[in-house]
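What follows is a single chain, given as C-alpha cells, in the form predicted on its own.
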C-alpha cells in the first residue's frame, strides 16, 4: 500500500534551452554546470528536500541522458527513499498511444497517475532552470491557510522591467483577478516566478479539460491559469523576497555565477541551515603553484592553478596554466586555459581547451540593453594558439 503524501513536487526539466546555445546543444539546461561544483537543477532539488517535501517527479525530455544519470537514485539530495524520493519521468508509450510532452500542462497531465499514486492533496510545480533558495513549505502553509485552488510565487520587479514577465494583478488580500503576459503597460510589479502550488483535485480537473481541447497550447501560463481565473477559482500570489534568477540566457547565467562572488547579492552558498547539495566526483584538493594569483574567486576541487584568476568561477578539474589570465569569467569542469592565454567576460565550456596565447572575450564595464556580451567557448571546443574570440561570440563543437 502506497504511503500518502500531503504534497508532491513536479519539476519541469525537459526544456531545450536554446538561448544557451552551445552549452545546451547536447545536454538539457538543468544539467548545465553552475557555480564551480553544482548543476543548475541542484538548487530546485535542494530546495525541495530542505522544505521537507520528499517526493518529486523530474519530468525530462530533451537530451535527457546526462541529466538522468546525474539525478540517479536521488541520493545526494537525500531523495533515495523507500516511500517517495526522486523519480525521473520521461514521456512513455502507454497501452493505446504515446507522445512527447506537448507543453507544461500536458507534461503534468501525462503523469496524473504518478501524483494519484501518493493520494496527494497538493502539487507543487517547479522549474529546473532557476537559481534561488526558497522554503516551499512556507508557501504550502500559506496556500492552505488561504483555502486557495492555486498559489503563484511572485517577485516584485522594477516597473520598467515588468513588461518582460507574466504579471499578476491582485486585490488587497493578494487574490489574483487578472493575469497579463508580458504587458506593454503593466498594472503591477508582481512578476510570476513560474512556481505554482495547486490543490490537486482542482488542477486534475483542469488538466483533463485542457487535454480535451484540441486548440489548447497545453501550457500553464497560456491555458490553465487563465481558465481558472475565468472560472473564478481562488487564486493568490505568494510574495518571495529572496534572491532568484532565471538563467535562461548566456548573460543571465554569467550574472548568476558572478553573484556568487558578490557578498551583497543575496545568494549565500555557505549557509549551513540551507545547504545546496550536489553529486560530486572524488577529486583531489585544488593546487595553487608558487607565483599563481587568485583574487575574489571560487576555485573548486581538482583544479591546478599556475596563472592569474580574478573575480571568476573555476570549476572542478580545470587547469589554468602559467601566465594565463582569467578575469570575470566562468571556466567549467576539466577545461584548460593554456600558457599566456587570456579569458575575459567569457564562459569556457566543459572539456574545452584554450591553447597558449589565445584571447577569449573582452572586458566590459556594463551591460548593453540589459545584456552582457559574453564570449562562449562551447564544450569540447579547441581554441588554437594565438586565436582571438570576440566578445559575444559563440564557438561550438563540430558535429
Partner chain sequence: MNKKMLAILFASGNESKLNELTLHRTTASLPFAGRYRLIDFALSSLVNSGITRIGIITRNNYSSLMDHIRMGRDWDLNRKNSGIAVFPPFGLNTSRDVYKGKIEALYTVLDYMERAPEDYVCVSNCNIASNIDLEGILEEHIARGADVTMLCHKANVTSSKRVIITKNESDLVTDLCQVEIPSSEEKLVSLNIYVMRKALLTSWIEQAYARGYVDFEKDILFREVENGRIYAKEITSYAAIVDDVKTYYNESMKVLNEEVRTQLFETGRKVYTKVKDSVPTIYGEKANVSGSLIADGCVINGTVENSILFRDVRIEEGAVVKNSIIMEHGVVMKDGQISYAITDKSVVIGAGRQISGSEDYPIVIVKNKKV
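Worth saying up front: this structure is predicted, and the values here are computed from it rather than measured. Residue numbers count along the first chain shown, from 1.
Below: the form predicted in complex with the partner chain, not depicted.
**Student:** Please name which of the stretches 105-113, 174-182, 270-278, 197-205 has residues with heavy atoms lying within 4.5 Å of the partner chain in the model of the complex.
**Tutor:** Of the stretches listed, the one contacting the partner is 270-278.
**Student:** Please run the contact check for residue 298 against the partner chain in the model of the complex: heavy atoms, 4.5 angstroms, yes or no?
**Tutor:** Taking the distances in the model of the complex, the answer for residue 298 is yes, it comes within 4.5 Å of the partner chain.
**Student:** Would residue 239 sit within 4.5 Å of the partner chain in the model of the complex, counting heavy atoms only?
**Tutor:** Although the partner chain is absent here, residue 239 would stay clear of it in the model of the complex, with no heavy atoms inside 4.5 Å.
**Student:** Do residue 158 and the partner chain come within 4.5 Å of each other in the model of the complex, heavy atoms counted?
**Tutor:** Answer no; every heavy atom of residue 158 is more than 4.5 Å from the partner chain in the model of the complex.
**Student:** Residue 217 near the partner chain in the model of the complex, any heavy atom under 4.5 Å?
**Tutor:** Flag for residue 217 set to no.
**Student:** With the partner chain left out of view, which of 349, 35, 57, 64 would have a heavy atom within 4.5 Å of it in the model of the complex?
**Tutor:** Answer to the contact question: 35.
**Student:** Let me know the one among 232, 291, 72, 147 whose heavy atoms come within 4.5 Å of the partner chain in the model of the complex, would you?
**Tutor:** Only one listed residue qualifies here, and that residue is 291.
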